[in-house]
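One chain comes next, on its own, written out as structure tokens in the form predicted alone.
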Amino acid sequence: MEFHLKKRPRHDVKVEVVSLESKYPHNVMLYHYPPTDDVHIEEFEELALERLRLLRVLDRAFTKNLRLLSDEWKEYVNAELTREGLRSYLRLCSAGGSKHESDIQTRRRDYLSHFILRLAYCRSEDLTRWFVAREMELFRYKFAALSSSEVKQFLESNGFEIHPLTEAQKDEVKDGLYESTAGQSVSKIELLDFYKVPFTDVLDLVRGRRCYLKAGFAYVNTLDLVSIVGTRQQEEIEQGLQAAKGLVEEVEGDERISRMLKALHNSYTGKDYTVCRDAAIPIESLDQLSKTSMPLCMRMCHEHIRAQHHVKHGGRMQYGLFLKGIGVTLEDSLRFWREEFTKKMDADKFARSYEYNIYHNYGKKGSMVNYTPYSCAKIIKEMAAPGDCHGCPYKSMDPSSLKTKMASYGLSASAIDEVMFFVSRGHYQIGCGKYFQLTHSASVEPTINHPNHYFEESQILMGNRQKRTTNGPAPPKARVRPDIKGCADRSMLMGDDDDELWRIAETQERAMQSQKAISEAFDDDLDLTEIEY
């Protein structure tokens, strides 16, 4: 018996391959269609942190009260983007859309990272408000760099039904255009394109009397056209954030993504100070360094330890990890804490109750994780109770006590007022930067986002350390004092400390409470049930 298989006709399925250049053709794009790219989890996190660093630069410019798109604002933002390693984004904020592969990749990263952050910033009104404000500043910066031809191309590709006035139409209203266009000469105005739109589309220009109104229409020049397209962009972002809320539960099904997105806004995105690459700082130099190079939060911790010979768990974590980050070795750290604590307790008690945690922080016991020094964002979140020395003093201290403390450190009344100007408005890190500038007689106020960064900048300014560079050949070896060394220069997201340390501490606390003599002397040492890590 023979069987003959009937061959079915073959239908070749053509897969349309869309090039990156066609998907991301312009530097300025409305974030309308969600991207369909496949993204690895590592790139997902990298893009999120990159975008966050970008938006934080704009946020710092905002908190410094720099007028958006002014020369001073652009100078500051450009310098900060360069310092943050984000120069590729500067090319998106310049005229002339390049077809170079690197620029196309930057457009892709720009587009993807925006949608990733929507998932993180749709979770509350405060986060949404911050995100929309920073994104609109970025959009305005990019749009302001477009040439007249690029603006026309943008309007056409995004379906804006507005067209520049013809010369005849422009001539009919030229007197009104001359009177309403501030800051431009007549010859310059004649070269500008103008657009006729309903006045309701540019209410911000109407309020500022920055456009000519006639018969219910506003005449807007190319330079102010961002008010029209900006309104559309803001609507797209706000509607997209609302849509992202519906995706949150689905996204949170992946725990890796969920944890990262929830913690993103408070993530530290600067240098990694976990491991110090240079020679150690001997503990004998800490007293002097606390006065010259430590930020207020760490100086107060150091003074508390020297005065009280004891500090609660939060203070030990904050200051101990800071010391590790600036270059205090494990052996010296054990010696420092032992010498102080044994002024109030015997060596056996110190070994039982405290040594393990020090080994643990250095990654030598337990889960073997080399813990990261606390960033400013984490320290500011800390809630210090009476008797604690950790946390951010600019936030936790009442204004009069903070002024008294800074005065005792040698600041004049006028200098204190400069710091308090920012502190009173909740800008604690800017206040810390101003404190640095005043105490170091620096010409530029640094951006402080990490206590170890404060220490490093101080040592560079004092000539005890050479600033590290990331581009070009390695710099010549710095001539430094043997007691002052630098730290690693890597960027990462500060991971959460694992739960093992807390289980260990809880076990130690229960053991301590079972010992009557110890509990009478140190009954307030650890209350881990109230610590939010």
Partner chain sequence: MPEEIVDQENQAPQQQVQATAVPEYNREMLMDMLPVYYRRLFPHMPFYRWLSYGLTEDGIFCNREISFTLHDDIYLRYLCFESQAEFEKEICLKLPVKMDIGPVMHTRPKNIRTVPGGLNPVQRELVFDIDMTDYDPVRTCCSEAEVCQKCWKFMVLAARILDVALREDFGFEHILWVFSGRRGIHCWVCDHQARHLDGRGRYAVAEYLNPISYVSFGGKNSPRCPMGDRTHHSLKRALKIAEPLFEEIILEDQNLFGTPKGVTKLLQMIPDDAARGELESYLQKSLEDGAHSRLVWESFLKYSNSMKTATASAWSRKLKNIVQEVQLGLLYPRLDINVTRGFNHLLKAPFCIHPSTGKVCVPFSVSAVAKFDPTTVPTITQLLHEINAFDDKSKSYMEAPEDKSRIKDHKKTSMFKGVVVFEEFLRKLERSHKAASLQF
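Numbering follows the first chain given and starts at 1. We call the rigid core the largest set of C-alpha positions that still match within 1.5 Å between the two forms. None of these values were measured; they are calculated from a predicted model.
Another form exists, predicted together with its partner chain; not displayed. Remarks below refer to it.
Checking Phe154, Tyr212, Tyr195, Tyr141 against its partner chain in the predicted bound form, a heavy atom within 4.5 Å turns up for just one residue: Tyr212. Just one of His100, Arg83, Arg256, Arg207 comes within 4.5 Å of its partner chain in the predicted bound form, counting any heavy atom, and that one is Arg207.
Contact annotation: Gln308 falls outside 4.5 Å of its partner chain in the predicted bound form, judged by heavy atom distances. At a distance threshold of 4.5 angstroms between non-hydrogen atoms, Asn357 is out of contact with its partner chain in the predicted bound form. Contact check for Met420: every heavy atom lies farther than 4.5 Å from its partner chain in the predicted bound form. Taking the partner from the other structure, its partner chain in the predicted bound form has a heavy atom within 4.5 Å of a heavy atom of Thr200. Every residue in the set Thr181, Gln234 and Glu238 has a non-hydrogen atom no more than 4.5 Å from its partner chain in the predicted bound form. Remark: of stretches 256-264, 173-181, 145-153, 349-357, the one touching its partner chain in the predicted bound form is 173-181 (heavy atom within 4.5 Å). Residues of 284-303 include none with a non-hydrogen atom no more than 4.5 angstroms from its partner chain in the predicted bound form. Once both forms are fitted on their rigid core, the CA atom of Gly176 lies 2 Å or more apart between this form and the one not shown. Superposition on the rigid core between this form and the one not shown places the CA atom of Asn221 2 Å or more away from its counterpart.
In a rigid-core overlay of the protein, Glu303 has its C-alpha displaced by under 2 Å between this form and the one not shown.
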